[in-house]
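Presented as structure tokens, the chain that follows is alone, the form predicted alone.
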Amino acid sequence: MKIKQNIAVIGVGKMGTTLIESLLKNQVINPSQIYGTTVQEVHANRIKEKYQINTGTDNMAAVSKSDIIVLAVKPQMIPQVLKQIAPALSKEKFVISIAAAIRTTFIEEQLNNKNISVIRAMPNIASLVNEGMTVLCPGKFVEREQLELTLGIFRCLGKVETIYREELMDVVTALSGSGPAYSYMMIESLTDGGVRMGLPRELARKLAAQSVLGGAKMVLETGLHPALLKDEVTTPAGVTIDGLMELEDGGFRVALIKAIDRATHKSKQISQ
């Protein structure tokens, strides 16, 4: 896919620059079509030098020159940014927000009900290595072409799914957005277990990380239920079954379910 439209990335922080880098790496857009903004001119110049894109500190100017506007700022900055850019928005443009817990209806209302198309996106940190998971939720004014364009943009970061019930975005945030943190804790714990039993730490960490990565890839590529894949590893009276018994005894499964439950409720609190 080749994007013909200009894109404004409001907030060239970690996720904003990740998106820009992936778009350029996959050659879906030319550097001249990207307008990135940040509050610090020094940082803007640094980004311009690194990616050869248009940068500055004027959000209004960037939006005026663009067709697709990506809001990549912190959630608490959204009202201020929307107030700045609202005069430059029209029905011909559309907004993609990756600000956590900010609903499409909130953005639509802040834009004085100008019927602007808004798509909410929830990418995760694995996007930094192009293995991300992004979930999109279109607002009520979004057209099919705009959604297709957004799908193409985020496929540069990894896998993409679309949902149409925005209340489920809180669960997405808890599972997919926070999920890498849970896997990091798992990898850290597996590493410590390997070290406890005599493995060098670097080797233990590599074994743990690759085991999690490989297991995840098998789930995605085979389409088999994780329980079936688990059974393939678990031989009668073998090593794995004893390890699984310890995990069950420690409440591993229940702890993860409760983590999603609690994180979902926290996301709902923030969005309200």
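Keep in mind that what you see is a predicted model, and the values were worked out from it rather than measured. For every residue, the number given is its place in the sequence shown, counted from 1.
Another form exists, predicted in complex with a small molecule; not displayed. Remarks below refer to it.
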Thinking of the small molecule in the predicted bound form, which stretch from 189-197, 160-168, 146-154, 73-81 has heavy atoms inside 4.5 Å of it? 73-81
Is Ile96 near the small molecule? Define near as a heavy atom within 4.5 Å, in the predicted bound form. no
Though only this chain appears here, would Gly139 touch the small molecule in the predicted bound form if you measure heavy atom gaps against 4.5 Å? no
Report whether the minimum heavy atom distance between Asn124 and the small molecule in the predicted bound form is within 4.5 Å. yes
Met15 versus the small molecule, in the predicted bound form: is there a non-hydrogen atom within 4.5 Å? yes
Would you say all of Thr37, Gln40 and Ala100 touch the small molecule in the predicted bound form, counting a heavy atom within 4.5 Å as a touch? yes
